[in-house]
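Presented below, as structure tokens, is a lone chain in the form predicted alone.
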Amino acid sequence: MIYVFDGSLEGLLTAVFEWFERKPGQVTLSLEKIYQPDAFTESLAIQNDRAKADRVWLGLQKKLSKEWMRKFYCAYLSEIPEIFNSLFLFTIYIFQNPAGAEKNYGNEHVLTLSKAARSVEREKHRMEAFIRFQHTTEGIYYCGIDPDFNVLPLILNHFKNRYADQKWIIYDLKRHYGLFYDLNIVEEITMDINTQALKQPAPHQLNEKEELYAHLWKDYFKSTNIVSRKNTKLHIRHVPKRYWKYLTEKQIG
């Protein structure tokens, strides 16, 4: 049997609740947007239910440590299509086994969840390190990003604490939503303007001193670079090329 859900965490947890309620045997969880109906396999469209999802989440909190709850959430944020089925089966496995079952790395779903969570945590740390804001004419610091995983919920507190005295926007260009901090709270936002403008603000949209600051930043990095000790291979290992587009010091000109 195939359970079809909308990709939300609420939907995933509701699917777990439905499984325990119906006990249909072997079930695969599939994303609605990629689900291909099969004439020979029965399916069930999961209707999101907040109360059912909350009961499953609370149940997981009783079975798992905070560390594992975070792993679960991080794995969910990976958005890897196969991870949803693994999370679904992992949750059933946890409820059906005694405490400590999550440490059984011989279970394929435990292993898959752990690997996905580790990748998301790595992406989170890199985004916290590599994001560079640009000061706009409206007085807001802006940065557009397109991370491999949906890490905005994970980097929210880092930037709120670090830049508590500045208004800023971090916008996920791939997922079409962002975070806006107004000196008080962080809100989730969406912006209905063209992608190019979100990717790189036009010169007239930036503060008049932004170009000067960019030059100063580049000069600083140039002056601290010791050519004789240059190790490109090591540098790329710590700062992969795919993140260079975020770094002011890597921009030509």
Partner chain sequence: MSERLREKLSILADAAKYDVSCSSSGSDRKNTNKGVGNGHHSGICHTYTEDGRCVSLLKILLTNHCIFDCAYCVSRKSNDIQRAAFTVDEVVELTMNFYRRNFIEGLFLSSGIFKNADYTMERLLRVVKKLRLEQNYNGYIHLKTIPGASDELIHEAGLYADRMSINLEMPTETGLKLLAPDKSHKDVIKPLGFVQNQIVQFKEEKKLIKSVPKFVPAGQSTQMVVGATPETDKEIMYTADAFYKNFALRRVYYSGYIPISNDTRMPVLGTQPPLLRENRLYQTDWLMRFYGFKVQEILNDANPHLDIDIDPKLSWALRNLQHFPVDINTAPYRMILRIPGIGVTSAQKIVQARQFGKLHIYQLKNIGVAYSRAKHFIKCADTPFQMKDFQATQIKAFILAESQSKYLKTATNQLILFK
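Numbering follows the first chain given and starts at 1. The term rigid core refers to the maximal set of C-alpha atoms that superpose within 1.5 Å between the two forms. It should be emphasised that the depicted structure is a prediction, and the values quoted were computed from it without experimental measurement.
Keep in mind that the form predicted together with its partner chain is missing from the display, and what follows is about it.
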- Out of 104-112, 146-154, 84-92, 172-180, where are the residues with a heavy atom within 4.5 Å of its partner chain in the predicted bound form? 104-112
- Task: Check, residue by residue, if R132, H235 and V239 all come within 4.5 Å of its partner chain in the predicted bound form, counting heavy atoms only.
- Result: yes
- Task: Look up in the predicted bound form whether Q166 has a non-hydrogen atom within 4.5 angstroms of its partner chain, and give yes or no.
- Result: yes
- Is D54 one of the residues lying within 4.5 Å of its partner chain in the predicted bound form, judged by heavy atom distances? no
- Message: With a cut-off of 4.5 Å between heavy atoms, is Q96 one of the residues that contacts its partner chain in the predicted bound form?
- Response: no
- With the cut-off set at 4.5 Å between non-hydrogen atoms, does T248 touch its partner chain in the predicted bound form? yes
- Item | The single option of Q26, N184, T190, Q36 touching its partner chain in the predicted bound form, heavy atom within 4.5 Å | N184
- Query: From first to last in sequence, which residues of 136-170 have any non-hydrogen atom within 4.5 angstroms of its partner chain in the predicted bound form?
  - Reply: Y141, H158, F159, N161, R162, Y163, A164, D165, Q166
- Message: Given a superposition on the rigid core, I'd like a yes or no on whether L9 shifts its C-alpha by 2 Å or more between this form and the one not shown.
- Response: no
